[in-house]
Each structure stands twice: as C-alpha cells, then as structure tokens.
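One chain is shown next in structure tokens, namely the form predicted alone.
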Amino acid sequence: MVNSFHEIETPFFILDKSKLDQNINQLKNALNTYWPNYIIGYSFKTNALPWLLKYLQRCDFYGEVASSDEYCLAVATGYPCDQIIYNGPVKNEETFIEALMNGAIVNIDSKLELDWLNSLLEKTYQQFKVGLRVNFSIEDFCPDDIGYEKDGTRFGFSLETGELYRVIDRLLATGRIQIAGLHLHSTSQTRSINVYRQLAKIACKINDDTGLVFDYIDIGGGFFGGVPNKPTFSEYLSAISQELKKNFDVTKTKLILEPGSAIIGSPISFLTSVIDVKDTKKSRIVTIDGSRVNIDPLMRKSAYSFNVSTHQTVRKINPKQIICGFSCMDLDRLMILNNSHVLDVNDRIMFNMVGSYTMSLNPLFVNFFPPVYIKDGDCLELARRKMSINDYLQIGNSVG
C-alpha cells in the first residue's frame, strides 16, 4: 500500500472508492423512492476488474453477464448462481443449462437457446422460468437517440413481426415454462430519459397484449451516473416508474436495472506523465506515457475531463500543444491545448471519468495493461499489477 500518487510510476488507473460508493448509494436511494422492489445487476462488460466485481457483490449487486466467459467469471468471483443475470447472444449450451438449473435469471436472446431449452425439457421433468429479450423499433419513437434508423436494432425477438408472441405461445404450450420477465435493454447514443420511458411503455403494451403477469421487467442499463449536468438516477427512475405503474404492481413485479457506466464511469481516472516534448515546423508535440487506446479505445471522444500538474513554478503560455500517446500510430492524439501553460517532461496529466469500457477494450498494443489502484481516503491499494511479459507468455501453460 502506498500513500501518494507521486510514489508510483505512471501510467495507471485510479478507482476512487468514495465516488463509487456515492454512485451506488444514489442509485439505491432513487430505486427505494420510485420502485423499491428491485435488483441491480452490474454489467460485467463495462469493466470487469475483479476487485470491482467482488466489491459490488458485497454491495448486493447481481452480476449481469453476456457470455459464457463472463458467466464463469461471475461464479469465480463469488456470485451465487441465483445472483447472476445471463444475457446476450453468445451463451454456450453448458452454461445456459447450468444457469437455468441453478436459479439464475436467464433472458433468452436467440432461437438456438430455444432449441437448448427444448432439449432440456426432453431430459427432465422440471419446470423453468425464463425471460425474453424484446426486439422492437425503438428508433421510430426516439429517432435522435438510438441510431440504426434504417436497419433497426439486432437483439431479441421481434415484437412488430409477431415473433415474440409466437415464442411466448410456444414456450407456454410446453406446460413447464413460465415467462418470468422481459428484457428491454436498448443502446442509446444520448442516454435520454425518453428512451427509458419508451422501454417502460413497451413493457406495458406486451402486458396488455398477453395478459401475462411478469416477475420482473428488465430495463437494462446505459444511464448517466455521477456526471454533472446530465440526467440523474432519480430522473430516470421517476420516468420509468410513472409508465410501469400503469400496468404493474410494485409489490409484485421487480424492476431490474443493469448499470455499467453509471456505476463505474465517473469514479475512475488515468494518470500519465509527459515523456517528451518537441517542436516541429507546424506544432509543439507533447508525448505522454499513456495512450488514447487506454482511455478512448474506439477513437470517438472529442474532449476529455483532465487536470495538469507541473513541477515548474513559472510557465510560459504556448499557443498550441498537441497531446499525443505513446503508440506508433500518428492518430494517437488525445487533445490540443490552446493558449495553455507550456508542458515539460515529468509534468503529469490526469484524465478523469474514464472507467467505462476502457479497461475491457484496452488492446495489447505496444504496451501491456497498466496497473490499477484503489483510492480509499488517503491510501492507495494495488488492485491489479502491471501486466508482465510472463503474464503474456503464460509460462508453464504454453504449447510447443
């Protein structure tokens, strides 16, 4: 354990436990106000740091997983099977059956899973509960929020073509399957409150059309959380509950949320150091020991929240400095500082609110994975050491 950032070689991620706890408490408070019958499933795909997974399990979160690998990771990090929400189109048959047999919340996404379920029914006389992922044209209701206006979204069973209802009829006809819930998660470019209002309305429509009483409505994730000037958990939950209460009894139907970014996006920062400064004919190039691939692996961000610390007491102003990453890609450029103080070697740049998807999508490009520290008050605890050559080679397990 160390007591200062200055004692640690950069680059590294920092998870601020107090900010994480704040997000958790704000979400739980909003749920207790608007829909106190709930389950929170943390989205593993957003950031699967083992320390975080174990901590959230102790905070009464379920694990929301979207593949057989993530399912096995949930089990390995201490999630009981009945505290796992199993989603996604890339389950495998072994974990699908294990999850069903042991009480996990399983939301069926594909016809292949229906075949596995049918085979299971032929081998046992048990009854099972399943949820169904719903595909509907939410982009028609929220054209500025979703994208895919031309081709539509890709997951689940189509409401508009009637496929969803045919699947429901097929499963109910077995006499041993209960349609326990609906999974309505939809990717949103804007994370607008209106998106979640529309999801709740669709749940009500399906209830009207089928008359089924659902154990749960799974709204999914994609919310803002801990971000200034963005919708709050209370605003999201107020809109969702207003719609759901038109059809559902809060004492009988659980609301499932699957936050990822909303929980872990804002508490994580990435600290880097300036390793080189050079003046070219056209620009002043400042190279840091972190990279855009660490904090923007999809190369989409146009701005960052950041802080600069310097060892200099007096600094000149430079009209233009281009901050570049360590990689050999010329496009590894993070930002341009205009009319800012001159940066020099060993100055540090802290990039804030970078916990969402960054660790999960980090490539092994040029440098291996950086370490992660947990900031708890004034103390820093190593949660993941820097990846070594031996980690990469997996000595003792190689083939050849």
Ligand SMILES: Cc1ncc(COP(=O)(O)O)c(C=O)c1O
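Residue indices: 1-based, along the sequence shown. Because the structure is a prediction, the values reported are computed rather than measured.
Unshown form predicted in complex with this ligand; subsequent notes refer to it.
Colleague: Specify the contacting stretch among 219-227, 111-119, 291-299, 67-75, defined as having any heavy atom within 4.5 Å of this ligand in the predicted bound form.
Modeller: Every other range fails; the passing one is 219-227.
Colleague: Only one of Gly325, Gly181, Gly156, Pro259 gets a heavy atom within 4.5 Å of this ligand in the predicted bound form. Which one?
Modeller: Checking each option against this ligand in the predicted bound form, the one that comes within 4.5 Å is Pro259.
Colleague: Classify Lys45 as contacting or not contacting this ligand in the predicted bound form by the rule of any non-hydrogen atom within 4.5 angstroms, answering yes or no.
Modeller: Yes, contact at 4.5 Å.
Colleague: Contact with this ligand in the predicted bound form for His185, defined as at least one heavy atom pair within 4.5 Å: yes or no?
Modeller: Output for His185 is yes: heavy atoms within 4.5 Å of this ligand.
Colleague: I'd like to know whether Tyr357 contacts this ligand in the predicted bound form, with contact meaning heavy atoms within 4.5 angstroms.
Modeller: Yes, Tyr357 is a contact residue.
Colleague: Quick one: is Arg197 in contact with this ligand in the predicted bound form, heavy atoms, 4.5 Å cut-off?
Modeller: No, Arg197 is distant from the partner.
Colleague: Are there residues in 112-134 with a heavy atom within 4.5 Å of this ligand in the predicted bound form, and which are they, in order?
Modeller: Heavy-atom contacts to this ligand in the predicted bound form: only Arg133.
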